[in-house]
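Let's start with one chain on its own, the form predicted alone, as structure tokens.
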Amino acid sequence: MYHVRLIGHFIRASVQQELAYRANFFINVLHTVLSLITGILGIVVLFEQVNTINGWDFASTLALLGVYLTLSALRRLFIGPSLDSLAGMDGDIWRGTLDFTLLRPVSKQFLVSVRMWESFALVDLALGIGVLAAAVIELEHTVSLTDMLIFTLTLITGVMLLYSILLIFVSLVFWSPGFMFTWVFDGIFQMARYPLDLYPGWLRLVLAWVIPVGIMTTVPAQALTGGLSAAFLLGHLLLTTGLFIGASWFFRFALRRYASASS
């Protein structure tokens, strides 16, 4: 409950800060709507020419786009703002002001992961869920309760994968504070808006097991459409657990490289 109360305080502080710049809300909404329209139009144009591509039809690809938009929204909601305040331009590592975080009596990883929230991202989240609902309507089969439970599980693990990868990229900044590693991840994450099966073999391997951005969207979409095998689900869960543990350890290891402004 202590951590839940802390999150509540962080959310209230972030909302108060955002309300001072209300024009940002309309800019963010416009950006989100344009991104949504271009994403859907791309799928529509593609499947006007063909019925399926490597086993993916319009409905399943739309479901994957919905997962991508949902994960992007959750990243914007708290993961991105919190980690950017640590390792982004003018972040704590850059300025050498991480001391204030390290001295507080709470888990350092917890604090740097949830201290900043962007409530405007809730609009993005609503649109992502709307695309998922449209995909369910388009599906040729009825989505069962089991499908929904597995989808929810894989979506949660997708968020964990996204967080773990970002935490690793952020931890690299301790070795090179002037390099924006998260910008590199942004380019890679764009590939997650398309099914893994559309990429060539070597790139599919990279996006599945090396930097698994493809896994975090493809697996939930397959779970929703009923195309996810039990073996692949197990592998996904093991990968997520291992990467989360590894990212947490790597973050603690990277903290040893920190040199404060007073040192």
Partner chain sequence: MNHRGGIVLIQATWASWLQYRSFFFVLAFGWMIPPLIYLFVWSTAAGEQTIGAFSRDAFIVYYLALILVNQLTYSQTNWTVGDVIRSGGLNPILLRPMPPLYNTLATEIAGKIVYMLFVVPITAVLALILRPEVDFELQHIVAFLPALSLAWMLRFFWGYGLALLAFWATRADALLAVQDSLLFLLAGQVAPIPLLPGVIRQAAVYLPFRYMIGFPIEILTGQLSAAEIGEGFFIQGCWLAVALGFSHLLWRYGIRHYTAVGG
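Residue numbers count along the first chain shown, from 1. In this text the structure is predicted, and so the values were computed from the model without any measurement.
Just so it is clear, the following notes concern the form predicted in complex with its partner chain, a form of the same protein that is not shown.
Highlighted residues Met116, Leu233 and Leu239: none comes within 4.5 Å of its partner chain in the model of the complex, counting any heavy atom.
Remark: Ile53 counts among the residues lining its partner chain in the model of the complex, judged by a heavy atom distance of 4.5 Å or less. For Trp175, no non-hydrogen atom is located within 4.5 Å of its partner chain in the model of the complex, even though that partner is not displayed. Its partner chain is not shown here, and in the model of the complex it never comes within 4.5 Å of any heavy atom of Pro105.
For Leu41, a non-hydrogen atom is located within 4.5 Å of its partner chain in the model of the complex, even though that partner is not displayed. Only one listed stretch (133-141, 105-113, 178-186, 149-157) carries heavy atoms within 4.5 Å of its partner chain in the model of the complex, and that stretch is 178-186. Shown without its partner, the chain has Leu30, His31, Leu34, Thr38, Leu41, Gly42, Val45, Leu46, Glu48, Gln49, Val50, Ile53, Asn54 in segment 30-59 as residues with a non-hydrogen atom within 4.5 angstroms of its partner chain in the model of the complex.
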